[in-house]
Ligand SMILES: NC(=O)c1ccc[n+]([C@@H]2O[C@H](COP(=O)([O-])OP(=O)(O)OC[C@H]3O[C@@H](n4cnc5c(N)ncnc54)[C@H](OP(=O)(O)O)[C@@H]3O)[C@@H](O)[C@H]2O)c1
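Quick heads-up: it's one chain on its own, the form predicted on its own, in structure tokens.
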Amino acid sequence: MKTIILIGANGKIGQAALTGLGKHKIITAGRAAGSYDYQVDITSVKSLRKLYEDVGHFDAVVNAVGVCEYANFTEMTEEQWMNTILSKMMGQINIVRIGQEYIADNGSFSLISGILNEKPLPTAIADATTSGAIDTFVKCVAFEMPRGIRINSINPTVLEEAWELYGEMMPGFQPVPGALVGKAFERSVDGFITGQVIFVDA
């Protein structure tokens, strides 16, 4: 049994991740006070460091959050770009950058990207750009991780459980069940691969 910090366990992706990690000890973390075991804001290095210090020993970090702003490229403001970059990109990079100081030897990080960097949609340019950045980060930083630490990204299409919310903006996309995404997280945490983008698409 591993001790896993799951950031964003209450969201659709977080719930999907839980389906694949049930045999492990799960420590939940997120922004909403009282909704998780620990409170954390991934856009704050100070908050991330406090999380890791408060938890103590852990074998893996699974991230299921990343705020993205949506607008047409010609209308998207710098503030909207920066909100997305600071959360979906730098937030996740800092999960690893700070976390590698605290995680156990041979531990693992599992980040979240998303299919829109492979299958673009209108208004989703910031999401697509930062998802592509995370996939590239994972592929490259795997060569530099110390102490046998592994890192992968999960790149899912829209979930069946979220289709009611996102289906209208994703015509022609085939949703996948959350349990299938959970298997991708399980493979990342319990397997031996590193530097991989695990696609979950129909």
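Heads up: residue numbers just count along the shown sequence, starting at 1. Just so you know, these numbers come straight off a predicted model, no measurement behind them.
The following text describes the form predicted together with the named molecule, which does not appear among the structures shown.
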> Thinking of Met90, Ser153 and Val189 as the candidate spot, does the named molecule come within 4.5 Å of a heavy atom on all of them in the predicted bound form?
Replying inline: no
>> Quick check on Thr43: any heavy atom within 4.5 Å of the named molecule in the predicted bound form?
In response: yes
>> So in the predicted bound form, is the named molecule close enough to Ala17 to count as touching (4.5 Å, heavy atoms)?
In response: no
> Using 4.5 Å between non-hydrogen atoms, is Val67 touching the named molecule in the predicted bound form?
Replying inline: yes
> Even though the named molecule is not shown here, does Ser113 get within 4.5 Å of it in the predicted bound form, heavy atoms only?
Replying inline: yes
> Which residues from 49 to 63 come close to the named molecule in the predicted bound form, meaning a heavy atom within 4.5 Å?
Replying inline: none
